[in-house]
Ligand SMILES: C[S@@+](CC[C@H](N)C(=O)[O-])C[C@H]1O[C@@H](n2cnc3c(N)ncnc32)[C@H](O)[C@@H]1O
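Shown below, as structure tokens, is a lone chain in the form predicted alone; questions about how it binds or moves come after it.
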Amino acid sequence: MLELFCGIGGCAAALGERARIVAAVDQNRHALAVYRHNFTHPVFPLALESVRESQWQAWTADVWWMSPPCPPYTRRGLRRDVEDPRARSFAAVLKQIAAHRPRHVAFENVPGFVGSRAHRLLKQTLDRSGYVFRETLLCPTELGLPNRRERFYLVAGLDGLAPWPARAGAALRLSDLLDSSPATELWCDPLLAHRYPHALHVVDPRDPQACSACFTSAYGRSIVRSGSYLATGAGLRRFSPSEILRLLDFPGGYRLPADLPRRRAWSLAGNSVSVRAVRWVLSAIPGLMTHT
């Protein structure tokens, strides 16, 4: 596996011991520090558009996973699509896919990617390179997780694909994923709910059907449309970074560095992926998710 735009390692967490990651690549050094804290795979702090051809040749892998930057396809990112400078690295990867033709390719991004020029370029590249591919929108709630995070996924193969399984999974309750002793700094100003009575997404952990909204990299900075708040007897509080990682189904052994500032941890978690969803998507690669 070649893990491109690896972030804090959501794909690596989904794979476990099922595959050997030959390289994890990202230009966010803070994300890579968290990655190194949890995994021993070779890490490369690089912008993918600047990677030399000799390096691409050295990264021999059966599967290329990529989760490129989403701002070019979001409203907050102005939807500049392929004209956004942050899309250059994705365009560079597509050229390498056409040149090296790995056996399988898997991709994740926001729903706004669908129908974009980048989306068309991805499908054209795969089609011209001889791949069959499958694409879908998937929310972790369909797999049993109490977290809304709908994303676009695509998986491609030169030798065909296995069918995706039914959209199901062990149902988890929000209350089971919360910290036993949350930090006092997570509690909000009591006036917050009065200032934004209709803009905050508040969930009650006592509700067995409670489901958090999608957490973004702006959580902790932007008050609204960046994630949910918990209703408690002591007032509203924010979710901790560790709670967000549990909602993303990161494994229990995954740890954030003790010295990582909470604001940065929120940002990195918000930029990550739903591990259970990634595992489901990768199940279309024959033998991968059943290999131990």
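Predicted model only: the values in this text are computed from it and were never measured. Residues carry their position along the shown sequence, with the first being 1.
Keep in mind that the form predicted together with the ligand is not shown, yet the notes after this line are about it.
Trainee: Among 257 to 265, 53 to 61, 66 to 74, 227 to 235, mark the stretch whose residues have heavy atoms within 4.5 Å of the ligand in the model of the complex.
Mentor: It is 66 to 74 that comes within 4.5 Å of the partner.
Trainee: Considering only heavy atoms, tell me if Thr216 and the ligand come within 4.5 Å of each other in the model of the complex.
Mentor: Thr216: no, not in contact with the ligand in the model of the complex.
Trainee: Looking at the partner-bound form in the model of the complex, is Asn28 within 4.5 Å of the ligand by any heavy atom?
Mentor: Yes, contact at 4.5 Å.
Trainee: Please determine whether Val273 contacts the ligand in the model of the complex, using a 4.5 Å cut-off between heavy atoms.
Mentor: Yes, Val273 sits close enough to the ligand in the model of the complex that at least one of its heavy atoms falls within 4.5 Å.
Trainee: Going by a heavy atom distance of 4.5 Å, is Val43 a contact of the ligand in the model of the complex?
Mentor: Taking the distances in the model of the complex, the answer for Val43 is no, it never comes within 4.5 Å of the ligand.
Trainee: Note that the ligand is not shown here; using its position in the model of the complex, name the residues of 32 to 60 with a heavy atom within 4.5 Å of it, in sequence order.
Mentor: The stretch touches the partner through Leu46, Ala47, Leu48, Glu49.
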